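As structure tokens, one chain now follows by itself in the form predicted on its own.
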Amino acid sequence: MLSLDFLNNEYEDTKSPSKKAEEYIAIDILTGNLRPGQRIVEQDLCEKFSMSRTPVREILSRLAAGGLIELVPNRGAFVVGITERDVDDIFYMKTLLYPQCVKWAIERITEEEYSMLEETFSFMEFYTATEDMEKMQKINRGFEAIIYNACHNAEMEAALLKYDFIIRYANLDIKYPLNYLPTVLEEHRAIFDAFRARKPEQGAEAAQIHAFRSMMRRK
């Protein structure tokens, strides 16, 4: 069950050591610390993360399944990385999935999930005025994570969380306009208003607008 721990750093401690290690490696790839074609040495990972070869190989298998590395028989693991086109494609796929996710979430959300969403939006309103970009990005991710969970479709939730992870770390150098926080607040307000009114189609339309504008802000 989700909680509001995303407002601080405690939620990181709920992840398994294996999941944390997988994310650290993925972040190094997405941010360019590990370059395309670079070999990843299993023993180095075992020492860095204090793990045996078995969980490290499982991590590498998952990264390969996600397309970030390639496992070459008798040679090892090599970074594939991610291109600008890959990121553009992921943004576009989110514009297709997110509206349906919001529609389902409005239809299926529980009272407890709605209370969490309502509280999160209140935090969003408060922290927008503080212009605390780091805090707001964390709250925005939490707002969407609640919606993903509330659609009650595990495949949809996993896909959108994966897209958001890649988008987040592949765009660390993005320059945000001065009115970014108030603008995004209003886009999220339109989505939340649809939840409050229990109008799935209205929510899907608001989600489509937000996802499309998010994609265009990257340009």
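Note that the coordinates shown come from a computational prediction; the quantities given were computed from them, not determined experimentally. For the two forms, the rigid core is made up of the largest set of C-alpha atoms that agree within 1.5 Å on superposition. Quick note: we count residues from 1 along the sequence shown, nothing fancier.
From this point on, the text means the form predicted in complex with a further copy of the same chain, which you will not see here.
For a residue to qualify, one of its non-hydrogen atoms must sit within 4.5 Å of a further copy of the same chain in the predicted bound form; none of 175, 185 and 195 qualifies. Among the residues 125, 119, 89, 132, the one placing a heavy atom within 4.5 Å of a further copy of the same chain in the predicted bound form is 89.
Residue-level contacts in the predicted bound form: of 39, 189, 62, 48, one residue has a heavy atom within 4.5 Å of a further copy of the same chain, and it is 62. In the predicted bound form, residue 138 stays away from a further copy of the same chain, with no heavy atom inside 4.5 Å.
In the predicted bound form, a further copy of the same chain sits within 4.5 Å of a heavy atom belonging to residue 166. Not displayed here, a further copy of the same chain is approached by residue 58 to within 4.5 Å at the level of heavy atoms in the predicted bound form.
For residue 155, a non-hydrogen atom is located within 4.5 Å of a further copy of the same chain in the predicted bound form, even though that partner is not displayed. Contacts of stretch 107-133 with a further copy of the same chain in the predicted bound form, defined by any heavy atom lying within 4.5 Å, are made by 108 alone.
In a rigid-core overlay of the protein, residue 72 has its C-alpha displaced by at least 2 Å between the shown form and the other one.
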